[in-house]
Structure formats: C-alpha cells, structure tokens
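Presented as structure tokens, the chain that follows is alone, the form predicted on its own.
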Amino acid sequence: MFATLIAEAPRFFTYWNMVFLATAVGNTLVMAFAGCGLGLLFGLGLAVTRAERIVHVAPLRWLAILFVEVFRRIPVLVLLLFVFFTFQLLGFSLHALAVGTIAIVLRASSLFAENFRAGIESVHPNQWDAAEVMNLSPLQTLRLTVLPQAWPVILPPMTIGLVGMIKATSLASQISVLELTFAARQLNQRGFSALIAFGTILVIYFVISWGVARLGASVERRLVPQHRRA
C-alpha cells in the first residue's frame, strides 16, 4: 500500500493539482471565516436581544429565541439544502459558494448566540445593579462590565464552534461548491487513489483546525486573566 502511495505521489502533487487544491482551500476558508465572522456579529445581536435587562420588548426576545432554537437544531446539510432550494424558488441565482456561506452564517449565528447568552448570564446580577447605580446604560454595562467578565465562558465553546463550522463546510460539496471534500472527490474520479486524495485533505483539515484552536487559545490568554483561567 505504501509503495503504491509513494509511486503515485509525483503524479498527484503536480502544479495544477496543487492550484486546484489551493482554490478548494480558499473557498473552504471563505465559507468558514466569512460565515463565522458574520455569525459572530449576528450571534451577539441575538444574545443582546434576548437579554431582559437590555431589550424590554418581549416579542423581540421571543423572535430571537425562536431563531436560535430553530437554526441550532436543524442538521447543517438540511439547512444547506433549505437555503439552496429557497433561493431557487424565489428566482435568485446565487453562486453555490454564497449559498454555502449563508448556511454557515445561519448556523454560526445560532451557536454563537448561545455562547454569548451563557457568558452574559454567568455574570452575577449585582454587576448589572452596580453599573446601573453608576448611571451606565445597558449597552455600556454590557461592553465595559459584563463582556470582560464573560470571556472565560464564551471563548472555549466559541473556538470549538468555529472548528466545527470549518469541518461543516465539507457538506457544501453536495451543492457542487469547490471546497476540500469536493476537490478530493474530483481527484479520486480522475484516477488517483482515495487514500492519497482524501488523505491529503485530511492533513489540510487538521492543519487548519489545529491552527484555529491554537489561535483561540492565544486569544483566550490575552483576554482572560491568569487567575480566572486557573
């Protein structure tokens, strides 16, 4: 097996195959980071909307809860196909990469909203009361008092969620997005063995996920004081 793999490697690791894989890596990263970046912003907005001390309009809180509960419970593949066929029915012709990114945004928003909610609720209510006595607005309290104390709760699951979203981009191959899994399948169909094609993207997925995990740990060290981590 290894002899076959070594013999096949020079034919597999050619310039054009590497360009093909680099394009797939780029699309994977675009979906993951653009989707999670927007999901981070929307997730924070959803968590703020759900906070009774900030938003006093109950129907808005109910809508935010409904959004989070629906999109965090739908399988990613089903969500991806739902977005794909919804835009088709509405008559919009979107690039498959955009469809995949929108699906990641919806999923990441719901997951990150729960991370932010857990972090906000982990801060003792007395902190809100003390900030109110100091005449801080609810948003100022959130930014200056609550979020700095909530990072130990928010960051670890958020890093895990980001890694999960990177891996979930592989499902976009079902709508023909040129991402890593789709690229490996195409290379396999061109005559390369499944071992070298899928083994290569396995290594790429690992490197990306490991790098994101290390980046998350670095951000946590910067934002979370040493005594809080202990």
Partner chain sequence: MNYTFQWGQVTGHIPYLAGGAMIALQLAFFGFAIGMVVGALCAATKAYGPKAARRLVDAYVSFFTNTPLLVQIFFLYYGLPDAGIFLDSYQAVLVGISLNAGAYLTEIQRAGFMSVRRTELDAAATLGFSRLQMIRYVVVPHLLKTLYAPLANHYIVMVLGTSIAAIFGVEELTGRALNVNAINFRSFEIFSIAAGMYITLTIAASASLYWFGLYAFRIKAKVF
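Residue numbers count along the first chain shown, from 1. Values in this document were obtained by computation on a predicted structure and should not be read as measured data.
Another form exists, predicted in complex with its partner chain; not displayed. Remarks below refer to it.
Asks: Can you tell me if Gly199 lies within 4.5 angstroms of its partner chain in the predicted bound form, counting non-hydrogen atoms only?
Replies: Taking the distances in the predicted bound form, the answer for Gly199 is yes, it comes within 4.5 Å of its partner chain.
Asks: Please determine whether Thr181 contacts its partner chain in the predicted bound form, using a 4.5 Å cut-off between heavy atoms.
Replies: Within the cut-off, so yes.
Asks: Ser137 near its partner chain in the predicted bound form, any heavy atom under 4.5 Å?
Replies: Ser137 lies outside the contact set for its partner chain.
Asks: With the partner left out here, check for me: in the predicted bound form, does some heavy atom of Leu144 sit within 4.5 Å of its partner chain?
Replies: Heavy-atom contact with its partner chain at 4.5 Å: absent for Leu144.
Asks: Could you work out which of Ile54, Ala34, Leu171, Leu44 is the residue within 4.5 angstroms of its partner chain in the predicted bound form, going by heavy atoms?
Replies: Looking at the other structure, the residue within range turns out to be Leu171.
Asks: Hey, of 125-133, 93-101, 72-80, 145-153, which bit sits against its partner chain in the predicted bound form at 4.5 Å between non-hydrogen atoms?
Replies: It is 72-80 that comes within 4.5 Å of the partner.
Asks: With its partner chain taken in the predicted bound form, which residues across 185-203 come within 4.5 angstroms through any non-hydrogen atom?
Replies: Heavy-atom contacts within 4.5 Å come from Arg185, Asn188, Ser193, Ala194, Leu195, Phe198, Gly199, Ile201, Leu202.
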